[in-house]
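In the block that follows, a single chain appears as structure tokens, in the form predicted on its own.
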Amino acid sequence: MINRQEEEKGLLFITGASGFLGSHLAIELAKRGYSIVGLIRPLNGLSGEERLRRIGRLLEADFRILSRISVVEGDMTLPELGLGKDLYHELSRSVTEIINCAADTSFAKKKREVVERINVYGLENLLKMATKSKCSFFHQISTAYVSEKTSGICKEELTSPKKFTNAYEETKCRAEHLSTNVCHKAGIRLNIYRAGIVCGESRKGRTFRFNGFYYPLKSIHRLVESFRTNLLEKDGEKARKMGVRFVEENRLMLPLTIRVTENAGINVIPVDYFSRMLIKIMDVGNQGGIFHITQEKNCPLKDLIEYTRKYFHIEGLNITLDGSPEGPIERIFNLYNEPYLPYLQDSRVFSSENTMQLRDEKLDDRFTYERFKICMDYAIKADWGKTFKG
């Protein structure tokens, strides 16, 4: 291994620098003195620079830190990344490392074409730049869920599944093989970082993405609020027809049974744990490899259900291992969460031998009730993302 402290820091090019993972990484790397160019698309009438400033305010990054991140506007799905010939060639002459954080994380079947265009074809364009530039190290952000397994141990190695849960998993697996093949032929070192399910920061819960882990919880929160309103401010007939009632002051009976499999669990990590662990791996200048940035142990779904009961003051929320008939509330929940239901039947465990040897003991990956509460407090305060437009 090469210690990065013994190498001169070059110019880092980060795609998806306005995304959830990309923005945290860019800001954390800027704090550590790296020179960074961030690729950001203009969106909703905002320039790339404006989008970064908005995210910086949310993450409480001061101007001095943000000034270390140079923003270029472009689009990975376009030739020359949409930068134009002059800027493209200028960056090709100066970039020494590339971190690809750009991704479409949608699970929806109708978005398959967009997911493929960004996660695979956009990556092809970026790799073309890498091979033409001074790039000596390529960093590909992936997901721990690229394996077709839904149980058992997933190792830190390339996989070639025949089927996937969704297009996101499939395209991320294809991206791993694509980056491996291109970087090997070009002699570029490659690290692949497979993230678990990433939630808000560990201390304050800050995030501006409320999909993934948050989505089923958002649906439960909406159901609880709707039934509370019906019981307290209306005649309560709708709630009572569905078996919803108050069982004691401020505690709601919500008859919702969620189907899971035995030993099912989710692997949730705070975004600051992800970014710091990734930078820790970068800093030793590893010669290339695959790294699971995940919890050492999954959070059992039975624990997550208990956290949810406690936080939302509800009873009647349970799990089942069989195919019990759906009640009216189950039908609503299952319809709303259809893309996420396979993960409730998931008992994969992610080995992390490559990562654990580098782990800083100060980085805590446990998903406790306290961490759950921090995430939910922030999500509700932010109205599940409606208060942030970036």
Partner chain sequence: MNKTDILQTARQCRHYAMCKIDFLKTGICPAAIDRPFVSFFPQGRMDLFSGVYERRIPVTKELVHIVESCNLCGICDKQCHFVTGLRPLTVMKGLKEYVQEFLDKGNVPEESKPDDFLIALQTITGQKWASSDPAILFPYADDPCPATPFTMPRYVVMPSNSSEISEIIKLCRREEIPYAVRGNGASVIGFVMSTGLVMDMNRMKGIRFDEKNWCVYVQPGVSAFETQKEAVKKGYRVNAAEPSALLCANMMCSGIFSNFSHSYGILADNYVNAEFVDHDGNLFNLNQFDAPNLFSNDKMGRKSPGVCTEVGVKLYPFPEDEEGLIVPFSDMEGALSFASELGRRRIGNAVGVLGGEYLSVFISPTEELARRIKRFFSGTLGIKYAVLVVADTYDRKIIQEMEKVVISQKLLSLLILGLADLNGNESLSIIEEYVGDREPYEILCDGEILPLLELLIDSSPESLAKAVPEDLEGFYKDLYSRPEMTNMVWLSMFRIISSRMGRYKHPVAFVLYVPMDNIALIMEIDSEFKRIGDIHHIHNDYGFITPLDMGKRGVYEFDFYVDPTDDADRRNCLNAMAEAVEMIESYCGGANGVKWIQSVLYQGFCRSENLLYLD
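All values reported here derive from a predicted model rather than from experimental measurement. Positions refer to the first chain, counted from 1.
Quick note: we don't show the form predicted together with the partner chain, though the next part is all about it.
Since the chain is shown here on its own, which stretch among 82-90, 192-200, 223-231, 169-177 would lie within 4.5 Å of the partner chain in the predicted complex, judged by heavy atoms?
Single hit among the candidates: 223-231.
Of Lys218, Arg206, Arg276, His139, the one that lies within 4.5 Å of the partner chain in the predicted complex (heavy atoms):
Residue within 4.5 Å of the partner: Lys218.
If the cut-off is 4.5 angstroms on heavy atoms, which of these, Leu58, Leu43, Ile65, Ile332, is the one near the partner chain in the predicted complex?
Answer to the contact question: Ile332.
Counting only non-hydrogen atoms and a 4.5 Å threshold, tell me whether Gly289, Lys297 and Pro342 all contact the partner chain in the predicted complex.
Judged in the predicted complex, none of Gly289, Lys297 and Pro342 sits within 4.5 Å of the partner chain.
For Leu78, is any heavy atom within 4.5 Å of the partner chain in the predicted complex, or not?
Output for Leu78 is no: heavy atoms all beyond 4.5 Å of the partner chain.
Examine Glu338 and determine whether its closest non-hydrogen atom to the partner chain in the predicted complex is within 4.5 angstroms.
Yes, Glu338 sits close enough to the partner chain in the predicted complex that at least one of its heavy atoms falls within 4.5 Å.
Whether Ala239 contacts the partner chain in the predicted complex should be assessed with a 4.5 Å heavy atom distance threshold; does it?
Yes, contact at 4.5 Å.
Decide whether Lys163 counts as a contact residue for the partner chain in the predicted complex under a heavy atom distance cut-off of 4.5 Å.
Contact with the partner chain, no.
Heavy atoms within 4.5 Å of the partner chain in the predicted complex is the criterion; list the residues of 154-185 that meet it.
Sequence-ordered list is empty.
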